[in-house]
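The chain below stands alone and is given in structure tokens; this is the form predicted alone.
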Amino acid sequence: MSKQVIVVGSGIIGASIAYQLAKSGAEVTVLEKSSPASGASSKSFGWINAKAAETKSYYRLRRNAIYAYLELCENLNMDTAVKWDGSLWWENEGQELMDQASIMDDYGYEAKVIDAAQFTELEPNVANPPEECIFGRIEGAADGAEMVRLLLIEASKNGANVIAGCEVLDFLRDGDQIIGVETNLGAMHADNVVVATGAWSQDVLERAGVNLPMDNKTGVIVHTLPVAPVINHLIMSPDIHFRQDKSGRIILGEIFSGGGLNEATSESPVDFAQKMLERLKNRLPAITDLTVDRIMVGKRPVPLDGFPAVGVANGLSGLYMAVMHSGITLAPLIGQLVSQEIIEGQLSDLLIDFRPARFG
């Protein structure tokens, strides 16, 4: 008999988990209080990378996530969602850049340091090339909202049901076993409940008496109107990160997670967008028709220590959580691992350092 699984949340993590579970034969119901990809997934810079890894185990997780992306792109048509351009990174310069390059070399990451002349060969339209930068050859970018759309379509083809406008109000229990959820649409039962509600996960899990401390961050991402192709890679400079998507839009932020507003100066999202646009114009002086189209303000889900929290909730069987920053990078792998753990009961070594138990 197939397992019945409720996935709470339909951002990129929830959508990936739902897709993998449904593909593995589970009876999947996705519950979304608003609409799919309405949270951070649609407001992300979208960088797919393993460079932003503070520990060896986190690097391992992120590097395996890139493999999972490549596998996903082979199995499904993700051309409208994923773009493999590589990155040019000099957010830190001088010795800090070389230290980062040394770490990447120790990890065996597919990256190398290039000079200003090599940079200009790759990006002739970008002004003031850095003396040195790290070229990440295997990196790319994903449109989070498009990823969610495609993954949920595939989940639905495998029998999953997606219910929007359905908010989880409480959890149903049988002793220490979670057996379903109480929602604004009534009670729903399942063998397992997976919480993948991003920045709202702390509040949702509290309804089950589970502690997951979060340190969510507000980020702002700016989209320009489409322009002719002008850059070939993700550009990660000290004062602005930007990339061009398949439609010609340039997507930019102060850092890849968007950066926050300057509260000391009461900076508005419009002020922030104009500041970023001026920085972009300085980087692309030959492009005269750069215009802000959309300003995307989102809450980034960040567990308190900055690392993912993936696994069974302490003391409650049947309740699983999958909460993290860098959801864009990790989503395909997390979907695979969560499905494997729920369907097969096979725990992944990749997740040893990222279990929720560390929060007590």
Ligand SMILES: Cc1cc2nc3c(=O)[nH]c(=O)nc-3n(C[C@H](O)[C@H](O)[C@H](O)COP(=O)(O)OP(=O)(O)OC[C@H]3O[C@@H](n4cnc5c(N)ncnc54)[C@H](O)[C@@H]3O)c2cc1C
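Residue positions are given as counts along the sequence shown, with the first one as 1. Every value quoted in this text rests on a predicted model; they were computed, and no experiment measured them.
As for the form predicted in complex with the named molecule, it is not shown, yet the points below apply to it.
With a 4.5 Å cutoff on heavy atoms, V338 does not count as touching the named molecule in the predicted bound form; it lies far away. Though the partner is left out of this view, A18 does not reach within 4.5 Å of the named molecule in the predicted bound form, counting heavy atoms only. Interface membership of G318, defined by any non-hydrogen atom within 4.5 Å of the named molecule in the predicted bound form, is ruled out.
Not displayed here, the named molecule is approached by C166 to within 4.5 Å at the level of heavy atoms in the predicted bound form. Contact annotation: of the candidates S38, T29, N314, N64, the single residue with a non-hydrogen atom within 4.5 angstroms of the named molecule in the predicted bound form is S38. Screening 99-107, 118-126, 153-161, 199-207 for residues having heavy atoms within 4.5 Å of the named molecule in the predicted bound form returns a single hit, 199-207. If you check the named molecule in the predicted bound form, you find a heavy atom from every one of F45, I221 and P301 within 4.5 Å.
The partner is not shown here, but in the predicted bound form the stretch 325-352 reaches within 4.5 angstroms of the named molecule through a heavy atom at H325, S326, G327, I328, T329.
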